[in-house]
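Below, in structure tokens: the form predicted on its own, a single chain.
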């Protein structure tokens, strides 16, 4: 598939290993194969168990992971960093011996951030590429368009989205979201802090598709439970390129503007919001989605000073980063400010892309628990994933520890509220996992496989 991204981004990603190609070995004659096996065994005795595991991986068919990536469309900024993170995680897994002694091969297909094309990509994974699983989808409308086809094809489908669509149990047993929390959990966890520290009369500005609707529905309920009120709902088409005409809809008595825009025009959105209000404006609480891949020190963003942001994984490492945070940043090629190590102006989608890293390690753990060897073991893989209950903070889960509910195929983790100070977002509150828990709405494990 042609890579239509800017040449600079192609070069940067190539330097950082984001093109994972696992070449297929040409066929060997039986005589040569026996010779190689004998040589490998002898070397293994000399080099130890690790070598034997590596040799086994080299002589087996790879685990094929179909990576559904938003290379084009409104999710392209996320897709580029999702791809870079996925490649880094897969490379590390292969360095460690692969999965069940088999190498991981990432097979990427661009879905154009389009639901219809997403379903076509899922079908290609299952029928053309013969993938073991599908993985990686971010934008919720693409998940909603793709997951039904994954269920029909019985392709285990591990998404890295955030929408409540998986946890609602409205999809199918083959669809999981184990490495990143959903919007319902996020807003339940943060609403008490917002009501107490920022304000209770909230105007919401959100994208007019499933992800934005989750914010609209679940935050409205969460802030009401804290004695607050949403005084206006302003949905904006996700392909909108200018936003000035929406801002007069913000009521005069608004205490907090809650913004959660996504897509290529996010910088325009926050700049125009600043131009509309000037130095006098309600308090701002934004999901980092409105500023992902955007330098907080960009001209025109000065009005964000003192505003608050939600971040799943804080972009700025702070003065005392944990060892696993440093490890993860080094592997994905991101510095302490959340920018590419090769270009300080290339800001990552740091608060979301970790989900790719963590989900791949969860998939590795599930496959090893299931003793996964191939398509005949898909049911075992589903059940092994559902049987998980927690993930410990560390190199495989740098964002933090998590609980997993197998009944709804959803994980629950910590949320971070940061405040912009001189162009840097500093953590002012980190929620507990318990603050984001809610009662399951159904049970995927009761569905047939």
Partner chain sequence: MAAAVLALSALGLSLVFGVMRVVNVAHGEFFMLGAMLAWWTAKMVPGGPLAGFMAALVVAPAAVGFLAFLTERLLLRRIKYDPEATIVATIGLLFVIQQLALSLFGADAKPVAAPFTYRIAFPWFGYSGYKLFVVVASVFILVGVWWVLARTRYGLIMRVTQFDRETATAFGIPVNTVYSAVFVAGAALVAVAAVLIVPIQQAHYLMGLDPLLMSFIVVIIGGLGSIKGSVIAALIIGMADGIISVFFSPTLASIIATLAVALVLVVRPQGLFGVTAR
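Numbering follows the first chain given and starts at 1. The term rigid core refers to the most C-alpha atoms you can superpose between the two forms while keeping them within 1.5 Å. Note that this is a predicted model, so its numbers are computed, not measured.
One more form of this protein should be noted, the form predicted in complex with the partner chain, which is absent from this view; the next part is about it.
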TL;DR on 309 to 317, 334 to 342, 241 to 249, 93 to 101: the one with heavy atoms within 4.5 Å of the partner chain in the model of the complex is 241 to 249
Look up in the model of the complex whether residue 379 has a non-hydrogen atom within 4.5 angstroms of the partner chain, and give yes or no. no
Can you check whether residue 184 is within 4.5 Å of the partner chain in the model of the complex, heavy atom basis? no
Can you work out whether residue 298 and the partner chain are in contact in the model of the complex, taking contact to mean some heavy atom pair no more than 4.5 Å apart? yes
Residue 321, heavy atom within 4.5 angstroms of the partner chain in the model of the complex: no
Answer with one of 330, 229, 275, 253: the residue that has a non-hydrogen atom within 4.5 Å of the partner chain in the model of the complex. 275
Exactly one of 188, 266, 198, 88 comes within 4.5 Å of the partner chain in the model of the complex through a heavy atom, and that residue is 266
Pull the contact list for 200 to 216: residues with a heavy atom within 4.5 Å of the partner chain in the model of the complex, in sequence order. 208
Look at residue 176 and decide if its Cα position differs by 2 Å or more between this form and the one not shown after superposing on the rigid core. no
After superposition on the rigid core, does the Cα atom of residue 206 shift by at least 2 Å between this form and the one not shown? yes
Any chance the CA of residue 271 moves 2 angstroms or more between this form and the one not shown, core superposed? yes
